[in-house]
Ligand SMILES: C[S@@+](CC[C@H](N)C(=O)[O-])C[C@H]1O[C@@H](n2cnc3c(N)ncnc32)[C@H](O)[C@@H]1O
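Encoded as structure tokens, the following chain is the form predicted alone, with no partner shown.
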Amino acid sequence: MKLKHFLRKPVWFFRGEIDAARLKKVFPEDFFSKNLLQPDEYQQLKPVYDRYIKDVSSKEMAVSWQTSCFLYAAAKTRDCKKILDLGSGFSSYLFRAYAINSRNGAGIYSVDDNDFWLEKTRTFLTEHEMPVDQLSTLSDFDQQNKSGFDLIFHDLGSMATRAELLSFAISLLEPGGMLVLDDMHKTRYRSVAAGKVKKAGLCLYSIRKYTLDELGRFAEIATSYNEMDA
């Protein structure tokens, strides 16, 4: 097992480097150099993030700062107007901050399968004077029959729950939309996720180069855009 773990890192690295080149056809030409690698515009979010991992959730459990930056930059660059936050937390604040700053009337929906964490998110948003509408439990959200999201962040519950609900998350995506899958360093989960993404006819891209944190976590994106067809 130790050898397998040792060999994974080079594979992850090279996949990330290759997909970084592929992604240049998915995003505008200056996305990575201007919006992601020079995140001056959203440095205002960092103190809030630091408070979140100090007072609300641990650094190990919360979305990483690197992935947070990617989510904000992706929403901004793609001018997303309907965002689904599957798994409430700092991302719930992040997307609402994006909606306020962009002034494009974006609708932000935050969903959790844990009532306790949903209330912690509600409290955190209230303390930071953020809207708390469209926060819902998974069961309530399922009954609302929402769909057509142009950006979805899938970070809901345990890894088993996340894998089980991935097809559901994919079904809510607008054609041409983007699904961001967190914790793709977990090999077993990634294997299941890759299979479901492929079955849905989507392409999977590693964004490890831009979301790798000090804990070894990184994200990948699924989208209907295939740069091979461009």
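Numbers for residues come from their place in the sequence shown, where the first is 1. What you see is a predicted model, and the numbers here were worked out from it, not measured in a lab.
Same protein, other form: the form predicted in complex with this ligand, not shown, and the subject of what follows.
Segments offered: 141-149, 89-97, 72-80, 122-130. Contacting this ligand in the predicted complex at heavy atom distances within 4.5 Å is 89-97. When this ligand is considered in the predicted complex, L179 lies well away from it, no heavy atom lying within 4.5 Å. Contact check for S167: no non-hydrogen atom falls within 4.5 Å of this ligand in the predicted complex. Looking at G157, you'd find a heavy atom of it within 4.5 angstroms of this ligand in the predicted complex.
Not displayed here, this ligand is kept clear of Y205 by more than 4.5 Å at the level of heavy atoms in the predicted complex. For the three residues M61, D112 and R162, a heavy atom within 4.5 Å of this ligand turns up in the predicted complex in every case.
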